[in-house]
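Heads up, the chain below is alone and in the form predicted on its own; it's given as structure tokens.
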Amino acid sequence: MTHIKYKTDSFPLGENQSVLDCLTGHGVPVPFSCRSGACQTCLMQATRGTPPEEAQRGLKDSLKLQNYFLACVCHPREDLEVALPSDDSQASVPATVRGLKLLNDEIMQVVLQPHAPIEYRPGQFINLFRTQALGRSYSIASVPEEDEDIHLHVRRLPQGRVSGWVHDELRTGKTVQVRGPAGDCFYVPGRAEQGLLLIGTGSGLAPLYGIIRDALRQGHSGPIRLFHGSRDRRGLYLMGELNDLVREYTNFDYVRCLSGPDVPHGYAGGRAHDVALQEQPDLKSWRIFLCGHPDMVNAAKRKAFLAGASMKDIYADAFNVSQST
């Protein structure tokens, strides 16, 4: 008999019973709605065991790779240990600060060496803690196959309790606590000829920089187009590194966008997502990555869909700011 383990409890799965019915029948509060695999409200993750393919139908490739599945249509043929996305089962890991480097006036690169291995994909995020109860999420810009340590880009926020600490107090050699990774905004191998459109503002470049290098490293052959935006030139960074990639890879191009009144030669005038959609108006069969300010991410997601992109090919990471900063 197949068993479903949730936290410390193990439940036998009845004949023709779904994981959703099994768990809710034993009082586990799994959210659900349609019961047909359409709404994805009952999304869960198999932390041990492999969910059947039919239970992953319609999910983004990045979720499939992380063993997410839809509980309402999941009829496993082997034992599974499962968790809800809201379950926080990861333990914090100490990490040594190996380096701190200002990338522009307000963005600090933090280089961390975890004391235990952390398996991550470029573009995911980890939580960096100032104290046990005070942490913030930061996207990962490094590529594990190319970079020895984990790289974060931390933008200083007004009254930012963690970002201010990073900029003003954190020092090389100090030990901090991190937890993660999490998130599904990363490159999934396959469909190597597919076009990739990446749009970011501010420190939204961090996950995009990791995703681009990961895609190129894995031999992605289709066009890869990056639009990075800011109000003025002071908000842009890594321009030298990105231009090096342009020279090295013929399928990669990079557009610097400025939304302010001063637009020097070599820069595109306008908001990054507007410039991107003007230059690439047909996004049918393209894969889209959007990272940065929530207003930009939401507007770009809507425009990308209207331009023909499939919702399952749109990966978004909106940088929401904590109410308490």
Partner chain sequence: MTEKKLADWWDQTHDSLYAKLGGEAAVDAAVDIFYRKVLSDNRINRFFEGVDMDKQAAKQKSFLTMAFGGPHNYTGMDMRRGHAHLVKQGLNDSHFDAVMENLAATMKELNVPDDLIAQAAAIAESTRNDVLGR
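Residue numbers count along the first chain shown, from 1. In this text, all values refer to a predicted model and were calculated from it rather than measured experimentally.
Not on display, but discussed next: the form predicted together with its partner chain.
Asks: Is there a non-hydrogen atom of residue 24 within 4.5 angstroms of a non-hydrogen atom of its partner chain in the predicted complex?
Replies: Heavy-atom contact with its partner chain at 4.5 Å: absent for residue 24.
Asks: Although the partner isn't part of this model, could you tell me whether residue 309 comes within 4.5 Å of its partner chain in the predicted complex, counting any heavy atom of the residue?
Replies: Yes, residue 309 is a contact residue.
Asks: Does residue 47 reach its partner chain in the predicted complex, with heavy atoms at most 4.5 Å apart?
Replies: Heavy-atom contact with its partner chain at 4.5 Å: absent for residue 47.
Asks: Is residue 38 part of the interface with its partner chain in the predicted complex - any heavy atom within 4.5 Å?
Replies: Output for residue 38 is yes: heavy atoms within 4.5 Å of its partner chain.
Asks: Under a 4.5 angstroms heavy atom criterion, identify the one residue in 256, 293, 271, 60 near its partner chain in the predicted complex.
Replies: After the contact test, the surviving option is 60.
Asks: Which residues from 274 to 305 come close to its partner chain in the predicted complex, meaning a heavy atom within 4.5 Å?
Replies: Going through 274 to 305 in order - heavy atoms within 4.5 Å of its partner chain in the predicted complex - the hits are 301, 302, 305.
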